[in-house]
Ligand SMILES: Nc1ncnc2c1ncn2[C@@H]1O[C@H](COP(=O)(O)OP(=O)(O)OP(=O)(O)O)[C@@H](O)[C@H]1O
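So this first bit is one chain, no partners, the form predicted alone, shown in C-alpha cells.
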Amino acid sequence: MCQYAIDLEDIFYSYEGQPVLKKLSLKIRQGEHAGILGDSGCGKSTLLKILAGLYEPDNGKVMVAGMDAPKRIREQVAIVMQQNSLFPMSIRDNISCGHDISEKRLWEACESARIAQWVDSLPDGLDTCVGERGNQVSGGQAQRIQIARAICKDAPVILLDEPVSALDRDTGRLVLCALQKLTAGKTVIHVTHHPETLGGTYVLYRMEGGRVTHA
C-alpha cells in the first residue's frame, strides 16, 4: 500500500503560454483531509483537475491512489466542481453515470446531499431531465446532484472545489456535515478561499505563486 494517496513532484503547467503551476510538490497521506487556500485565479482549480486526471502537467510526477495514468487516476477520484458539470440527462443518470446503482443507494445519496425531498416532489422523480447543461435546475440543486454523484462513486480520493458555493448558508452547512460523515477514512482535497467552510480535521495549505506550502 502506498504511503501517500497524493504524491506530486515538480509539477509545471502552463495555459496559453502563461505558467500556472511552477515546480509544485505536494504529498498527502491516505485518509488525510487537506484544505488548500488561495485567492481566485491562483491555480487551485487547475491543480484539482490534474489530481482528477482531467489535465496532464507539462512536466513532473503525478501519483494519485498509487496510479499515474490519467485514465486510472479518474477511476480513483470523485470530484465536485464549483461550476455546473451536469449531463443533459436525468437526475438518475447524472448521479449513477451509467453504473448499476440500486434505487436504495441512489435515494440514500440524495438524502445525504439534501435533495431527496425536492427530487421526490418532481413528477418524474429521479427520471427528471436536468436539461442542456443543467439549465432546468437551480445552481444549488445542480451542485447537490454532483455531491450525490460523488457519494455514490465511493472513490478513495474526494476532490472538492467550493462544493457549497451555490448553496444558502443553512443548506451548505448541512451538506458539509453530510460530506464530513461520508468522507471518513477517505483522502479529501478541498480547495477554497473560504477557510471557514473547512472543519477542524483539515490540514491547511496555501497556494501562491504556482506552489503549495503549509498555511
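What you see is a predicted model; the values in this text were computed from it and never measured. Heads up: residue numbers just count along the shown sequence, starting at 1.
Not on display, but discussed next: the form predicted in complex with the ligand.
- Annotated contact segment (heavy atom within 4.5 Å of the ligand in the model of the complex): 39-47, selected among 39-47, 152-160, 167-175, 24-32.
- Looking at residue 94, you'd find every heavy atom of it more than 4.5 angstroms from the ligand in the model of the complex.
- Within this chain, residue 15 lines the site of the ligand in the model of the complex, having a heavy atom no more than 4.5 Å away.
- For the chain shown alone, residue 20 is a contact residue for the ligand in the model of the complex, at least one non-hydrogen atom being within 4.5 angstroms.
- By the criterion of a heavy atom within 4.5 Å, residue 112 is excluded from the residues contacting the ligand in the model of the complex.
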